[in-house]
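Below sits a lone chain in structure tokens, taken as the form predicted on its own.
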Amino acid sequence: MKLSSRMEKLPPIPTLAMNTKAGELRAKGVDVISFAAGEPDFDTPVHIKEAASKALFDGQTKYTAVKGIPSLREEICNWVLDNKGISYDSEKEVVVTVGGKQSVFNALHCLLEEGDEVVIPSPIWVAYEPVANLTGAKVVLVEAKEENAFKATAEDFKKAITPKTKLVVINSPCNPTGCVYTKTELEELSRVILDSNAMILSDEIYGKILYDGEEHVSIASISEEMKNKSLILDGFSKTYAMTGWRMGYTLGPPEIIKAMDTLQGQSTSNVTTFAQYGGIAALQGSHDFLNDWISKYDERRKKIVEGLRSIDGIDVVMPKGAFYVFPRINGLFGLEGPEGILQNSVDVGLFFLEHARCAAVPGAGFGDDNFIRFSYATSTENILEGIDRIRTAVSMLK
């Protein structure tokens, strides 16, 4: 049977592919350290699990409104007001989605069509470009330069925007680079957006995971005019270690949220009902656990950067948010290993997996083949052992 032509536009997610390879090796008894998974290694806080469990046993197992139960939407809007300084109507301006990926899928499919352009900085998370391609829109990539901490400037965006540009995408803190856009940078970008026909999609799911005194600023908080041209994506997976709960949300203008609600109603419908009650507990409860988590992430961040910088052929910019490092590994290109000469990030990723027993995600999937992504959402012991393994493996290269 012939598949639809649209499937040719949709490659497998590389993060999942590398994690799957690591899992297959583990199943064979191989000791693999995975730096591939983009999820916290901490458990969901107990009060969140208890709230979802209570809701389950209280019979909260039926359909809800597609966009989420009213009390969850109210708590989301309260939390966003308190933490981002933006006021949203819980009835008209928020929809709860089946994970952050559905927020991306819904937003791009509700806004883009053939002939439109979407401007996306590169490197950036793996899903935006393939999903945009699926809509038939033209993707315009903007280089986010390493020397600018992987941030595209307002001028970079301005040069890329045309009258056909329907949407600009940013992700701050960013997966895979850990870059964080400052308030000044976002103010400059907002002026560019307001002078164009484009809206902005701002993925803020790592907004609570910051280091070195960095501040998370939502571009929608810059002005009321900017809020009206912004879609904000956020969720529960990274802040609360709830990746498997599949719960994200989008905030934006009522007509777009209504369209997303309609699209979601024809696809997944509502997020799992009793999970939504866990979301309420997450937003209402203490966030003190984050202090400990971020302290541990910070320790790991410093260890992995120090370790990677000590290996010949590898260099890395210190990330300011999220839990990833994105080291430059093209210094290894042209060297020969047991399987042949390393020519790209996929070759390096496979070499690390086969000979260091460490899984990392090739940078090609994020838009830059000269890099590779490591997640440091794993123990310090794993990081130190992994660095030793990689150093030993690299010493094999000729």
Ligand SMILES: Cc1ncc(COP(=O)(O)O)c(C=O)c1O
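Keep in mind it's a predicted model, so treat the numbers as computed, not measured. We number the residues from 1 along the sequence you see.
Omitted from view is the form predicted together with the ligand, to which the following refers.
S.K.: Answer with yes or no whether G99 is in contact with the ligand in the predicted bound form, where contact means some heavy atom within 4.5 Å.
M.R.: Looking in the predicted bound form, residue contacts with the ligand include G99, since a heavy atom lies within 4.5 Å.
S.K.: Can you check whether F326 is within 4.5 Å of the ligand in the predicted bound form, heavy atom basis?
M.R.: Judged by the heavy-atom cut-off of 4.5 Å, F326 is well away from the ligand in the predicted bound form.
S.K.: Can you check whether K238 is within 4.5 Å of the ligand in the predicted bound form, heavy atom basis?
M.R.: K238: contacts the ligand in the predicted bound form.
S.K.: So in the predicted bound form, does any heavy atom of E93 sit within 4.5 Å of the ligand?
M.R.: So E93 does not count as contacting the ligand.
S.K.: Using a 4.5 Å heavy atom cut-off, indicate which stretch of 179-187, 265-273, 139-147, 204-212 touches the ligand in the predicted bound form.
M.R.: Heavy-atom contact with the partner occurs in 204-212.
S.K.: Decide yes or no: are W125, N171 and R246 jointly within 4.5 Å of the ligand in the predicted bound form, with each residue judged by its heavy atoms?
M.R.: Verified in the predicted bound form; spot residues all in contact, yes.
S.K.: Here the chain is shown alone; which of S218, T250, N175, N106 has a heavy atom within 4.5 Å of the ligand in the predicted bound form?
M.R.: By the 4.5 Å heavy-atom cutoff, the listed residue in contact is N175.
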